[in-house]
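Coming up is one lone chain in structure tokens, specifically the form predicted alone.
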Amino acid sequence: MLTYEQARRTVIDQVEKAKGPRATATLSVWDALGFVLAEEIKTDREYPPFNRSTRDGYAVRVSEIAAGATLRCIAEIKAGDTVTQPLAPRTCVQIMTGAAVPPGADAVVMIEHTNRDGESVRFDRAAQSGQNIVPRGSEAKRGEPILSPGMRLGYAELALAAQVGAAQLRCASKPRVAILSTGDEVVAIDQEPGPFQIRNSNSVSLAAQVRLAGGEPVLLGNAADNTDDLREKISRGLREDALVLSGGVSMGKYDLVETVLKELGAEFYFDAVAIRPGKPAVFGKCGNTFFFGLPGNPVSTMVTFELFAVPAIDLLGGAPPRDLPIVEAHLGATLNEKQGLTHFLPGRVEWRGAIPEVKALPWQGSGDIAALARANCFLVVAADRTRVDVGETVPILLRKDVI
């Protein structure tokens, strides 16, 4: 049985080998958040396009400034002003943050370090050349590539595109991910469940996770526990870039997903992972479509999607796979777990200082969605640990949707 790291590596290797070029579309910079860039973006001019002041203060010549020196202020420059007149000897110019530094000035002295009386400005300290000035072209040269194909567009990347005038961006289309839940006990979320039925919450959580991962969810509803219905709906899902199924992948009499996939000619890369929850996770390919068979218990579904489906969606969307958001925290309460499987426990991490503290939350197993809704991370307990003591450093997998 694979470790979760080995299983994740298997997903990445198989999808990398098979992925091809994505269709692209041109989007407004206003609408491109979360998309993957499919073109190179270059600067249209130098940045900054002038020597820019980073402080409110006075533009000066360093050679004329010493502690106690006094200069005559002859003008004021605010951001956006046209500045062509050189700074005259033995004078200074009041300048605002973001404004262009006049020719001849080689430093800006913060206003807090001066005293002004009319036109006379006394400086409390000496200045250094380049102080509080961003030189022209120091951020980027004209024609320099600043955004590359394969980059996921977040708010900083979109701001950079806007800065250089790239109002339209060619982006890769988002991978379409079919979502199918299974089980006779599952009813639609807008239906009244019977005494022994449950609403289809997995399709809701999976659709949200697909969107967070950069994909487009395609909802197929729920398949009953019979091969005909499963075959019809799985065949529909295999028309998309990826198929994610929840339920029907354990060893029970009515766990029929793998049987149907085999009948359809699927190739399986793994069908179990040494984790709890989520051990009976399945990954393979049928035709040109990768599929993930995830356990039906909701917390298992959420964990295994994050571990294994997210990097596949990254790659199918034209981006490199993102690393798992695992960080370290100090354990706030002792843990005792069974050996042999890596545990992903709902946890709550809080930052009360430089080092975060995490505690596992009480929960009733992998069907307990309420516990996970109180959690902002999964506390990861290695397979060879049976006890983890208070104060030990432990890995945590952050919930990206709430942190």
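Since this is a predicted model, take the numbers as computed values, not measurements. Just count from 1 along the sequence shown to find any residue number.
The same protein also exists as the form predicted together with a small molecule; that form is not shown, yet it is the one meant from here on.
Not displayed here, the small molecule is approached by Gly247 to within 4.5 Å at the level of heavy atoms in the predicted bound form. Within 4.5 Å of any heavy atom of the small molecule in the predicted bound form lies no heavy atom of Glu328.
Although the partner is absent here, Glu185 lies within 4.5 Å of the small molecule in the predicted bound form, judged by heavy atoms.
With a 4.5 Å cutoff on heavy atoms, Gly318 does not count as touching the small molecule in the predicted bound form; it lies far away. Listed stretches are 109 to 117, 123 to 131, 174 to 182, 157 to 165; the contact stretch with the small molecule in the predicted bound form is 174 to 182, by a heavy atom cutoff of 4.5 Å. Taking a 4.5 Å heavy atom cutoff to the small molecule in the predicted bound form, the contact residue among Thr91, Thr289, Gln94, Asn297 is Asn297. This chain appears without its partner; in the predicted bound form, the one residue of Asp314, Asp241, Asp255, Glu306 with a heavy atom within 4.5 Å of the small molecule is Asp255.
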